[in-house]
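Before any questions on how it binds or moves, here is one chain, the form predicted alone, in structure tokens.
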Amino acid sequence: MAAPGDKEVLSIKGLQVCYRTDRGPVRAVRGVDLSVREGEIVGLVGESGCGKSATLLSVMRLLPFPGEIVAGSIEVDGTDVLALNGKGLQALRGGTVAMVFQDPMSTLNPAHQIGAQMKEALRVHGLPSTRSVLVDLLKEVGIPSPETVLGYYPHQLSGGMQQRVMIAISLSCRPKLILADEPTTALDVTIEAQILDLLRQINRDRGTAIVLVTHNLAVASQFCHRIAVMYAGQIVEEGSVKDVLSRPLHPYTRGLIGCIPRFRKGVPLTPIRGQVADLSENHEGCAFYPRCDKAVPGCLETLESLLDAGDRMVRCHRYGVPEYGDVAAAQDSGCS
């Protein structure tokens, strides 16, 4: 992997996303702060419905109706994304930042050949779209017989090859940031490893920053520099891969790790009890409180921001609240 630089290519502050529904507003993202530096790979992990994809779609300004950004700021390479429209958004999407979606078959147009779809992305940004340029892009992502593949339709390719094409399109305009929304979910384990190796190589060779949305902590541990754990629309813990996975502080992070199968006799799975928080409800205090085995009365109070726990940030009343002890005290009492 590339060594992260000092300059931020993505800065999200106080992001709030709301979906207007018949049941009332659903607060899908509730005050997310996230930064990504040049060449850095950040994993965004958590259960389905916790706001990971909504956060990435907000960066691209692609939230589906009736979703809307109601508060916060987003900057990509120093540009205020929320102030863009028209040609500004067109230049951003695919130019400065590109997105690799979960299902390439639903993203690629089934009515057009691969070559035509690759040309479109280049032409929109005023870049050369000759056959040799397209062939070189397909070669870079490891597609065999690229000259032939340019004439194929998406259904003539396997899922892994379709995802490679999507990555080639995302690379075509040399973006500084790639947003990968569970790019390997529909693939088998062998192809998943190949796609992740490809993204890692892109990061190493081009210095491209990547945000990887995944529910797989094993993937995040091998692929990312840093992990941000999301629950109920909020980041509840953020730090280096080593720190977060070897010594998780938030009860939800520990719960996710406890759900990972261990192939050792006598080591049972420890699923997180209860149900995922209903985001249409107005949660007072910690949204994880009803499912937490370490809950204390102070958990019903609202924490407006992450707390500094030394080697990472954490959103938990067990840390930094005087009446319940500091980080060290919480660890000594068995909270970690």
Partner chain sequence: MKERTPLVKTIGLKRYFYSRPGFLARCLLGEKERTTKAVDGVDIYIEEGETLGLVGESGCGKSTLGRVIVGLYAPTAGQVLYEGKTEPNGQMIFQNPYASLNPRHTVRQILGVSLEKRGVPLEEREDESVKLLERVGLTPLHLDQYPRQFSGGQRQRIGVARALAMRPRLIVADEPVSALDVSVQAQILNLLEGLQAETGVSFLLISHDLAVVHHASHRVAVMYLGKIVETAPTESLFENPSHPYTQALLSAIPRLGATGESRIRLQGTVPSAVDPPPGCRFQTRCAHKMDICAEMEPLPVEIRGDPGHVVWCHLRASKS
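Residue numbers count along the first chain shown, from 1. Everything quoted here is computed from the prediction, not taken from an experiment.
What comes next is about the form predicted in complex with the partner chain, which does not appear here.
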State the residue from 174, 247, 262, 131 whose non-hydrogen atoms include one within 4.5 Å of the partner chain in the predicted bound form. 262
Name the single residue among 201, 79, 148, 158 that comes within 4.5 Å of the partner chain in the predicted bound form, judging by heavy atoms. 158
Options 306 to 314, 266 to 274, 293 to 301, 31 to 39; stretch whose heavy atom lies within 4.5 Å of the partner chain in the predicted bound form: 266 to 274
Give a yes or no for residue 213: in the predicted bound form, does one of its heavy atoms lie within 4.5 Å of a heavy atom belonging to the partner chain? no
Is residue 217 one of the residues lying within 4.5 Å of the partner chain in the predicted bound form, judged by heavy atom distances? yes
Taking heavy atoms and a 4.5 Å cut-off, does residue 193 contact the partner chain in the predicted bound form? yes
Although the partner isn't part of this model, could you tell me whether residue 197 comes within 4.5 Å of the partner chain in the predicted bound form, counting any heavy atom of the residue? yes
